[in-house]
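This document starts with one chain, in the form predicted alone, laid out as structure tokens.
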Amino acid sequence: MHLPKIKKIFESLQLKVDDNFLPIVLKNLTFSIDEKKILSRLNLSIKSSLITVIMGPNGAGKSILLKLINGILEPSSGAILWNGNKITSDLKRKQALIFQKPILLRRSVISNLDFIEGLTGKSYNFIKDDLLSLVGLLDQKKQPAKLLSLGEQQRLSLVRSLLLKPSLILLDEPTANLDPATTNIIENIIVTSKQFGIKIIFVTHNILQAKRLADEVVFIDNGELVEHSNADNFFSKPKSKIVKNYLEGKL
């Protein structure tokens, strides 16, 4: 998948990205389920408008953290501040969350894109076929979305999110268990999103992928922040033994 083709599509969407919501600040953020702490007193400031990768072992609380940032979940205590303010309905409309198992409408592939037109009141007929072609789904546009493979669902979910013209995209392991070709498509869309000023925060267990894409890395373990640094330092000079063991495949 050639980046120039993706850039042309992004230009056609006429994205107007607003990063005035930065920094995203977590203050003593705690989240519990049935008295079990999932996240414990996280303090973190995400200032960069580039790509932030969240890493950590299974069960560390990474997916929960994404949902808290998105506003789907409410913290048990503490707060998330967006440039000093609490999340607003307007800010929620400016972000997209893509789950590891995408949530799609029980309609055709093209109807999943049509749905965004109903939300935004704008017509995207000029670009929908190009978007589906970009992710190899044009020939399946009339097929029920539920019949797509997991990789195809991920691709549809990602291009559907672009029609929202988001300023922030949150992705939960967007390429887990996907083939190399699908992974390449999704990574190229992520890179292009960054180039157009869209803030990206995504969870991955794939160390090589994080090395390719991350500008900064947030590492959590057992619901606690262990390390937050730029990607070069994180991978070459980890500060904690936990991160060192994780990168060496011992954790």
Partner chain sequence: MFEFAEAFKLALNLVLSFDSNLLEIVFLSLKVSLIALVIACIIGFSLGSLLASNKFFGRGFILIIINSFMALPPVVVGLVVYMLLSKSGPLGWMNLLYTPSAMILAQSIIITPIVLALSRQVIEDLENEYADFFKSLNMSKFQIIKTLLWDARYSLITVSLAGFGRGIAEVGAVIIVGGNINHFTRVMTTSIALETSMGNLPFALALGIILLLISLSVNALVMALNLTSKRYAFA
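Numbering follows the first chain given and starts at 1. Just so we're clear, the structure is a prediction, and the values are computed from it rather than from any experiment.
The same protein has a further form, the form predicted in complex with its partner chain, not shown here; the description that follows concerns it.
In the predicted bound form, its partner chain lies farther than 4.5 Å from every heavy atom of L178. Within 4.5 Å of any heavy atom of its partner chain in the predicted bound form lies no heavy atom of G136. N85 falls outside the set of residues with a heavy atom inside 4.5 Å of its partner chain in the predicted bound form. Its partner chain in the predicted bound form comes within 4.5 Å of no heavy atom belonging to I110. Note that among 63-71, 39-47, 192-200, 22-30, the stretch whose heavy atoms approach its partner chain to within 4.5 Å in the predicted bound form is 63-71. Heavy atoms of every residue among S89, L119 and L147 are located within 4.5 Å of its partner chain in the predicted bound form.
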